[in-house]
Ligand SMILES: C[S@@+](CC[C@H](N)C(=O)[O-])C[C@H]1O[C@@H](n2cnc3c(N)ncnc32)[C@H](O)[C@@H]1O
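Have a look below at one chain only, the form predicted on its own, in structure tokens format.
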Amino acid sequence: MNRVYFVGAGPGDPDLITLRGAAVLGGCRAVFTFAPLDQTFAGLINGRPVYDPYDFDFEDLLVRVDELLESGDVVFLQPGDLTFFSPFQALIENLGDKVEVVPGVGSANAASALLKRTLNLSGVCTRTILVSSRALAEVPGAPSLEELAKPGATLLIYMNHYPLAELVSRLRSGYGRNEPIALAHRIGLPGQKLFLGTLDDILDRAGDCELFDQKGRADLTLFIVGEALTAKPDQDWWDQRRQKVRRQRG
């Protein structure tokens, strides 16, 4: 039986797709994906038909997938993977046993690697929170961004919809101090930029970078805020951990 694969494309760099994902993509009949993944993965797609899922309403999309399945496997090449903020859950449930999900490298992982920082630093950060500012604003009763932005928390903000100056003001109000911030723009894609600074100076550091599209939405930018970005790790922790492991090994 032919199958529908939902393949995590990482942040968009074909070097960050898993071996399993590349193999599935290389053997499929057709691909559903969004720009710019159709371009960055052109070498692996290798001339197969490419469709934008949003060109179909839901029922028509199901019909088209079933038609394509008659002659081979179908791949949905998705940014990151299914783990956070994926639009494909309803589609997966409707396709049922025909589906296999192939995990990918998420944007948070790629950003952490780019920064060369762990985002939940022992002794500094007690929690790492992945959140969409847009979702918080749209859902009645959800906590505000200011309520989540507290000392000891690293925030990873997806799909930010606030102008940068307003976002910084809200974060400053929540944290109550000048906190480190990183803007990872178009990670793994052409035009990648990384801005590092603090809530006091990030507006100047980001300058005129086009972080937002014409509708005011953040254009593939992950915002990371928290002390873990710059705090010096406690070197004594390593030896304490080493001694504990040695005792456990006997």
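Note that residue numbering follows the sequence shown and begins at 1. No experiment lies behind these values; they were computed from the predicted model shown.
Beyond what is shown, the protein has a form predicted together with the ligand; the following relates to that form.
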property: Thr33: touches the ligand in the model of the complex, heavy atom cutoff 4.5 angstroms; result: no
property: Contact label in the model of the complex: Ile129 to the ligand, heavy atom within 4.5 Å; result: no
property: In the model of the complex, Gly174 touching the ligand (heavy atom, 4.5 Å); result: no
property: 4.5 angstroms heavy atom contact with the ligand in the model of the complex for Phe88; result: no
property: Option touching the ligand, based on a heavy atom within 4.5 Å in the model of the complex, out of Cys28, Ala184, Leu199, Leu68; result: Ala184
property: Answer range among 136 to 144, 154 to 162, 118 to 126, 95 to 103 for contact with the ligand, defined in the model of the complex as heavy atoms within 4.5 Å; result: 154 to 162
property: Interface residues of 2 to 35 toward the ligand, as seen in the model of the complex [heavy atoms, 4.5 Å]; result: Pro11
